[in-house]
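A single chain, nothing else alongside it, follows as structure tokens in the form predicted alone.
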Amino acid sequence: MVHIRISDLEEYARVFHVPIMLKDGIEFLLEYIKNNNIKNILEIGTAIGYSSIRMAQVNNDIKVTTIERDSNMYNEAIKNIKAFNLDNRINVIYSDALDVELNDKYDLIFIDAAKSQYIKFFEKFKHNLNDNGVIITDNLSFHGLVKDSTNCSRNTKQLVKKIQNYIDFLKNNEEFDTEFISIGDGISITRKKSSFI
């Protein structure tokens, strides 16, 4: 059994520039899972498995399905999840999320992957949400650049524009209500409107 701690994952992410949730963001997410009796989670974007491990640790009843398309990240996640002895509760799918077809329903869908695809991820997986479930999205402030991207490269500005489009998409959605929370790197919590349940 490999001895590994959460702090080891955080250090690995820092050294190798792997984007993981900011500390207050992940704490908020874990608290939300605990307080809302979340049991079945779908995560879009596994990276090294950090957030899926943290979410699964909240409660022994929690099951996580997580999707990762990068082979290096996928292999690192598999190794870390095994080291935490959570491979029976975290299922990692190696694929592009947009190619994955799932029939299960989830209490929580957590979107933390390619920001340029957020709207597509939302539209694709909203059908997998339980009636009273939530879709939580991370990185909506994108290190503060969504407020001010003046000094950014063209590529970054395009990415910021896509995040702004996603925020507008959530604000104007007929089917869902969204609450925006200025914690971590900017989080949204989206629920189905009661008229659509």
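Sequential numbering from 1, following the sequence displayed. Remember, it's a predicted structure, so these values are computed and weren't measured experimentally.
Not pictured, yet referred to below: the form predicted in complex with a small molecule.
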property	result
Residue among Asp168, Glu31, Asp61, Asp70 with a heavy atom within 4.5 Å of the small molecule in the predicted complex	Asp70
is_contact(Thr137, the small molecule) in the predicted complex, heavy atom dist at most 4.5 Å	no
Non-hydrogen atom contact Ile189 with the small molecule in the predicted complex at 4.5 angstroms	no
is_contact(Phe110, the small molecule) in the predicted complex, heavy atom dist at most 4.5 Å	yes
Contact flag, Phe121 vs the small molecule in the predicted complex, heavy atom cut 4.5 Å	yes
Stretch from 146 to 154, 126 to 134, 168 to 176, 61 to 69 whose residues place a heavy atom within 4.5 Å of the small molecule in the predicted complex	61 to 69
